[in-house]
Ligand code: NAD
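Presented below, as structure tokens, is a lone chain in the form predicted on its own.
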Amino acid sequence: MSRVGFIGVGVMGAPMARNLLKAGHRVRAFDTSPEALAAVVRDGATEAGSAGEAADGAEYVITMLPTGRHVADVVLGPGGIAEALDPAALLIDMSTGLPAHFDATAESLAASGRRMIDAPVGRTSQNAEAGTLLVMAGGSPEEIDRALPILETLGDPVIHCGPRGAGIRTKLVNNYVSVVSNVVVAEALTLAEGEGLDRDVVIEVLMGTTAGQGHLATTYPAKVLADDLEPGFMIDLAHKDLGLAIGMGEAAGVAHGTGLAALECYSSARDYGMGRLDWTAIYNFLRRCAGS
């Protein structure tokens, strides 16, 4: 089994470190919280007094920290990982931070011949405990292959998203969808309650349509991703129906900020002459706006 340095044993990091221990890896851990560190030491990890000490002699080093700036500090700062990391070791950043911060840290390490990949995770702390996190890895095929014995202990599946930096970028795209759609769902259910509807019945209806099943599982594969924009539901009609729902929300005094933002997007697509195309053509419209 491998020697693993683990930096950051909080809500997500602690169960991940424990799964490595259960799999037989030797884990030396560091955290700025004495309580968090003591908890994993009780479960078999070796205590390190600094990030550099945790990395010393390790074959793999994992960082699981709040931001990319925290990662940069423990990697490049005094007593940090860079001072102790063996050139043959692999640093795996599993944090969620700004891609530019990860890129700068990885490039600094690469200048001294050391390797760093990104492998942020999706799902919850319960999945961290079960070893069923979704791992989004970015690095060369050789680096990802080398990391797999560690990553597969922590997650299922492990998805190779592309070159170094692709993992964190994929994670942020995923979270964009999840976090924004959370607001849409909250607005919709609040609107239903404002109209005096039975929430459970509304949810039953939503789960039988694209609203609950999701565009990526329904409309996109059949339409815009297949280059078929013959309308199953036109942008003009989507614009009309969204306007009606917003009007209902205004009358009920219910928040509908995401709806207004979406209405502006549909309006712009109509102005661009796309009103009679399938509503999934919004994707093509935004790609044109972005110069894709």
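Note that the structure is predicted; figures quoted are calculated from it, not measured. The first residue of the sequence shown is number 1, and the count goes up from there.
Absent from the display: the form predicted together with nicotinamide-adenine-dinucleotide. The rest refers to it.
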Which pick from G44, P66, G57, G247 sits with a heavy atom within 4.5 Å of nicotinamide-adenine-dinucleotide in the model of the complex?
P66
Within 4.5 Å of nicotinamide-adenine-dinucleotide in the model of the complex, all of T32, H70 and S95 (non-hydrogen atom)
yes
Is the gap between T124 and nicotinamide-adenine-dinucleotide in the model of the complex 4.5 Å or less for some heavy atom pair?
yes
Within 4.5 Å, heavy atoms only: does A36 come near nicotinamide-adenine-dinucleotide in the model of the complex?
yes
Whether M12 contacts nicotinamide-adenine-dinucleotide in the model of the complex should be assessed with a 4.5 Å heavy atom distance threshold; does it?
yes
Going by a heavy atom distance of 4.5 Å, is V74 a contact of nicotinamide-adenine-dinucleotide in the model of the complex?
yes
Please identify, from 178-186, 95-103, 147-155, 211-219, the stretch that has a heavy atom within 4.5 Å of nicotinamide-adenine-dinucleotide in the model of the complex.
95-103
Given a 4.5 Å distance limit between heavy atoms, list every residue of 179-211 close to nicotinamide-adenine-dinucleotide in the model of the complex, or none if there are none.
none
